[in-house]
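Quick heads-up: the structure tokens below are two forms of one chain, split into structure 1 and structure 2.
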Structure 1
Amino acid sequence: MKRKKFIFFLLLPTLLLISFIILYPTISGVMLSFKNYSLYNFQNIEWIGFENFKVIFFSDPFYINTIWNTLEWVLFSVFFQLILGFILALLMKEPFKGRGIYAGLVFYPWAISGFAIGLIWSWLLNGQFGVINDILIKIGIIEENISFLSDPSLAMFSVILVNVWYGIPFFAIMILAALQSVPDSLYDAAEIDGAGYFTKLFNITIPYIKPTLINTILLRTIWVMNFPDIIYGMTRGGPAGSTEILAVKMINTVFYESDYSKAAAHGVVIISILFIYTIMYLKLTSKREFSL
């Protein structure tokens, strides 16, 4: 009995706090999506069924666009974060002089606020005074300034580029740690058999660190999907909705339309997508355990 009490008292504060801060608001957020609560309707809040979802899906000509943007944003961001993070981790695996300091400097983007990152890069990519344009012209890649953020066909590319910049360190950190755990003896044996670099990479390294890759990709996908900060700092979803992902749309619905129920409906769409994705992902990778 004493043991049970001990467990109970040490777990209780955390569980209560999370229930109060996350669980209860989530449930009421989902319920909110079936009501008509907005700045213009504080008094007669009632159940309206799937009305908000109908409005979202059928009255918003841009919605399909937003979903497409979201997929593009998540897919390309995670893909390039993974590939470049992997390469960086491979490069950093062998010790070199000053590796600790190097790690601190290349990993720092990960500690910056997404909004600040968005601001910094919106200045770097500015069409008139941006230094990126200046550099590209000096190298001879382009001949005149490009409006990275005000050209709808380039804006999504730009925000993804910035998100990749932000996300490389996280993948690099996780993969680097996993790489350190691959036993050297495996490589030694392969080398005796005459295995080349890519043979070792695909036959030893990747299979060995697969669990880390699977978990990191899952976690990152969820975070990237839920991460409007960078886009908010750069374009707020514009120009012409070209960088509006679901998360940004939801924020805009809260801040500009003040239609809280409709915003909640966007949130429910996001959670549903994430939920289906997570289940399918775990089925495909046949993982029953998570690790971070």
Structure 2
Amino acid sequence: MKRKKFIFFLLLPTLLLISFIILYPTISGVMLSFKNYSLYNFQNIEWIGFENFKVIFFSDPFYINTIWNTLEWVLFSVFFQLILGFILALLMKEPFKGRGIYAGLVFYPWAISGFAIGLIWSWLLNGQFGVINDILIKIGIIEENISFLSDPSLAMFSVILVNVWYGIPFFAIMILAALQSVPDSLYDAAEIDGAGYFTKLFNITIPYIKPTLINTILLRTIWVMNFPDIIYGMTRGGPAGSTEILAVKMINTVFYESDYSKAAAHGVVIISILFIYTIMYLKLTSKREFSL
């Protein structure tokens, strides 16, 4: 009993800090979504029930499109980050000359702010003076500039492409660490039995690192859905809302409408979607074998 109390008091400062940093803002945000708090209404703040949710779901004709943009953003970003990160981790596993320098260059983008990455790529993909257009014209792939970020049909593709590039190092780091824990004796035994590369990959490597893959996909999905940095740095949700995801819409609601309660309602929607997704994902992965 004394040992349990000692452990509890050791953990108490951490629990209080987590409560202050995470739980308090979350609860406050949920409560705010049921009020009429805005920049123009500081004195008559009151409970209005589900009015903010009625407004965003039934009065905003573009809200369904925003939810679709969010699903598209998360699905394609995480899928290609996983595939390319997995391939990169497999390549990085084998020792080669200059491996440390190469790894540093590959993982470097992950150390830079997402918003800064968005700004840099917005300049590179600029439809008038962007470097990408200049290079493509000089090598003869295109004849005139492409409006990567101002064309609604290309804007979402462009921001997803940048996000995939930005997120590959995260998957590569996590998967590489897991690959290094796979015993070489398993591969040696498989080679004696005549197993080829893909046989070893799908019957030894992937099953062995399955827990890492499951947890990494879950964490990355939550992260990407709450990650407006790149989009806000590149398009701010435009053009015509073609790249506006829920997290970006929440920011735009604060900056352009000054409606904090409505923005909080968007946040509650994000939390609810992620909560449902997490429960379903964990139940699905706990019952079925995971495979690529």
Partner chain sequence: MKKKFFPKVIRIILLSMFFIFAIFPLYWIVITSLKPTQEIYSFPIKYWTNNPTLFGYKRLFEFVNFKRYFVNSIFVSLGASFASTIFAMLSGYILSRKEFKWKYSIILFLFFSQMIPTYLIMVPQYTMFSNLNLINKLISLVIIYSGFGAAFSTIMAKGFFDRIPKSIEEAALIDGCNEIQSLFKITIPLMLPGLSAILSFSFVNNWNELFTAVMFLNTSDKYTVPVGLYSIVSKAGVQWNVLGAGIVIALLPTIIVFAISQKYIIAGLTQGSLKD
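Just so we're on the same page, residue numbers count up from 1 along structure 1's sequence. Keep in mind it's a predicted model, so treat the numbers as computed, not measured. Each form is matched to the other, and the largest set of C-alpha atoms that superpose within 1.5 Å is called the rigid core.
| message | Deciding between structure 1 and structure 2, tell me which is the form predicted alone. | response | If we ask which form is the one predicted alone, the answer is structure 2.
message = If I superpose the two forms on their rigid core, does the C-alpha of Ser272 end up displaced by 2 Å or more between structure 1 and structure 2?
response = Comparing the forms between structure 1 and structure 2, which are aligned on their rigid core, Ser272 does not shift its C-alpha by 2 Å or more.
query: Core superposed, what is the CA shift for Phe9 between structure 1 and structure 2, in angstrom?
result: So the C-alpha of this residue moves 5.0 Å.
Rigid core superposed: how many angstrom does the CA of Ile21 shift between structure 1 and structure 2? Here the C-alpha difference is 2.8 Å.
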